[in-house]
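Given as structure tokens, the chain that follows is alone and in the form predicted on its own.
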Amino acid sequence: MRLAQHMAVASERVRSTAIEATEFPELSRAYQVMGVPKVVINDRVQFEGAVPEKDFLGAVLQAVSEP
């Protein structure tokens, strides 16, 4: 989450929102949250758990390059 927020600060083209899964169970169910952190990018790319910065950036690029 920290990396996503840093990206949002660095670029006006990036937005980041953190949601506490236990406080929003309907969203947790909708996105099938089984572990945290759960990252969802443009409703296209999702992953759970901490990943290296390189992999996170790759997921962002994948999400914005898909039609």
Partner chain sequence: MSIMTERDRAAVRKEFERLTGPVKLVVFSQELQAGDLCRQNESLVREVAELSDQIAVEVLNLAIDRERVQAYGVEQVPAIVVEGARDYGIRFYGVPLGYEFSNLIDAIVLASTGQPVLAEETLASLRTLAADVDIKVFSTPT
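Residue numbers count along the first chain shown, from 1. None of these values were measured; they are calculated from a predicted model.
Missing here is the form predicted together with its partner chain; even so, the following discussion is about that form.
At least one heavy atom of V14 is located within 4.5 Å of its partner chain in the model of the complex. A residue is said to contact a partner when one of its heavy atoms sits within 4.5 Å of a partner heavy atom; L57 meets this definition for its partner chain in the model of the complex. Although the partner is absent here, V51 sits far enough away that none of its heavy atoms falls within 4.5 Å of its partner chain in the model of the complex. Contacts to its partner chain in the model of the complex (heavy atom within 4.5 Å) from stretch 7 to 38: M7, A8, V9, A10, S11, E12, R13, V14, R15, S16, T17, A18, I19, E20, A21, T22, E23, F24, L27, S28, Y31, V33, V36, P37, K38.
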